[in-house]
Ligand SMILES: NC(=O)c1ccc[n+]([C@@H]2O[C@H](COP(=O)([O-])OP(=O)(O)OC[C@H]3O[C@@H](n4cnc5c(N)ncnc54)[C@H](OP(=O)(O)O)[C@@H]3O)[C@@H](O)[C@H]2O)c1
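In the form predicted alone, a lone chain appears below as structure tokens.
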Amino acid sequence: MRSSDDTQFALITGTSSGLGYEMAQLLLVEGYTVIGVSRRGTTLDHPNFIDILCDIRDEAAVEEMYELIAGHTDALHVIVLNAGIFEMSPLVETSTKEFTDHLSTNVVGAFHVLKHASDFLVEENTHIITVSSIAAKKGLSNISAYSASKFALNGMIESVREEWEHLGVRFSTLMPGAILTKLWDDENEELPRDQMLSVSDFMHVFQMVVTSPSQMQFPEMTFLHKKGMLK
């Protein structure tokens, strides 16, 4: 069943858990019909939530994803590029597979989503929100693969912003410091958790961005814990 013209649709990648799950919940509260995309699905249960299994690293899978979306709507008002992986290791201990996995998920996956989104963009309306990282501004030790992927992601977004300027599409790129999620469960226990943002800190910023006036965008929005970056 396709939507009525006044329905607002949001697409979020990486909704199986963590920030993606939380952002999906918030957008549902804000009145959006939310299309959640992930490799393993989610437990989120809501009448206005559409769960799609998709590995965004696979371009053919992304094309199939958009075919499913077309059965519901031809307009995406919000696109949140959130799916990503994060692993820590010194450069000399980082395998080539680990390095390329970061690029495949964090950059190539986002590339596929944007490349095939063009038919769903609403001129002067669609807001593309990218969840990047402070690691896209400053290379930090032991995260060379992650940092390289986020630098590349930001560069791609800047380029697409220029290409689609004539469409009036908004681009907001969020670059938070470390956020205390389950991603850190298997990492160095000595890392200072009290210097990390909480999920609610991140959601405070996300809600402000997604509910901002239609003439506003946030091309590079950096926000950190008051104690600064992890050391």
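Keep in mind the model is a prediction, meaning the values are calculated, not measured. Note that residue numbering begins at 1 and tracks the sequence as displayed.
As for the form predicted together with this ligand, it is not shown, yet the points below apply to it.
If you check Ala75, Ala148, Leu114, Ile85 against this ligand in the predicted bound form, which one has a heavy atom within 4.5 Å?
Answer to the contact question: Ile85.
Using heavy atoms only and a 4.5 Å cut-off, determine which of Val131, Ile79, Ile143, Ala110 is in contact with this ligand in the predicted bound form.
Here the answer is residue option Val131.
Taking Leu27, Thr173 and Leu224 as a possible spot, do all three reach this ligand in the predicted bound form with a heavy atom inside 4.5 Å?
Not one of the three qualifies.
To test your reading of this chain, name the stretch in 115-123, 157-165, 131-139, 90-98 whose heavy atoms come within 4.5 Å of this ligand in the predicted bound form.
Selected stretch: 131-139.
Since only the chain is shown here, I'm wondering whether Leu19 would be in contact with this ligand in the predicted bound form (any heavy atom pair within 4.5 Å).
Leu19: yes, in contact with this ligand in the predicted bound form.
Answer for Ile179 alone: is it within 4.5 Å of this ligand in the predicted bound form, judged on heavy atom distances?
So Ile179 counts as contacting this ligand.
Would Asp55 count as a contact of this ligand in the predicted bound form, using a 4.5 angstroms cut-off between non-hydrogen atoms?
Asp55 belongs to the contact set for this ligand.
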